[in-house]
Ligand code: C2G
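Given next, in structure tokens, is a single chain: the form predicted alone.
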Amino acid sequence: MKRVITYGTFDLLHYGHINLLRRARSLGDYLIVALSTDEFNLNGKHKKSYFSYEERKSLLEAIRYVDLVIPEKTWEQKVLDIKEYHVDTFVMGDDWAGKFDFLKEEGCQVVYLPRTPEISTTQIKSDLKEMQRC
């Protein structure tokens, strides 16, 4: 069984997220999503999610491409996750290109997938703020 892992916040879930998850799952037989906890988002990524960790986890678990959701608590846990879950392929959006190439040393393929260009959580939040002004 070929295992794939990806990481993210997955807040305000949208079709760009679904595209990423679908493409990540197509690279293997089992997709693990390491979902950023609320604490990690706030203290590590310096951002606040609209939905709580449990709400975001529930949404991800309902997606047919996702086999397992685990908490992402630190930047450094990726090597441990690859070993613990016997991961073959690490997947991230191409805005992270090159940042995780060191994981190849763990015997893991590293793939950066193109983002869905016309959608992002940041853009959704910006559009919603703009709509409130009208």
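Since the model is a prediction, treat every value here as computed from it, not as a measurement. Numbering starts at 1 and runs along the sequence shown.
Keep in mind that the form predicted in complex with the named molecule is missing from the display, and what follows is about it.
Q: Does the 4.5 Å heavy atom contact test between residue 103 and the named molecule in the predicted bound form come out positive?
A: Result no; residue 103 lies far from the named molecule in the predicted bound form.
Q: Given that the partner is absent here, does residue 45 sit within 4.5 Å of the named molecule in the predicted bound form, heavy atoms only?
A: Flag for residue 45 set to yes.
Q: Given that the partner is absent here, does residue 57 sit within 4.5 Å of the named molecule in the predicted bound form, heavy atoms only?
A: Residue 57 lies outside the contact set for the named molecule.
Q: Might residue 92 be said to contact the named molecule in the predicted bound form, defining contact as any heavy atom within 4.5 Å?
A: Residue 92: yes, in contact with the named molecule in the predicted bound form.
Q: Within 4.5 Å of the named molecule in the predicted bound form, do we find a heavy atom from each of 17, 20 and 78?
A: Judged in the predicted bound form, 17, 20 and 78 all sit within 4.5 Å of the named molecule.
Q: Name the residue from 50, 65, 85, 96 that puts a heavy atom within 4.5 Å of the named molecule in the predicted bound form.
A: The option sitting close enough to the partner is 96.
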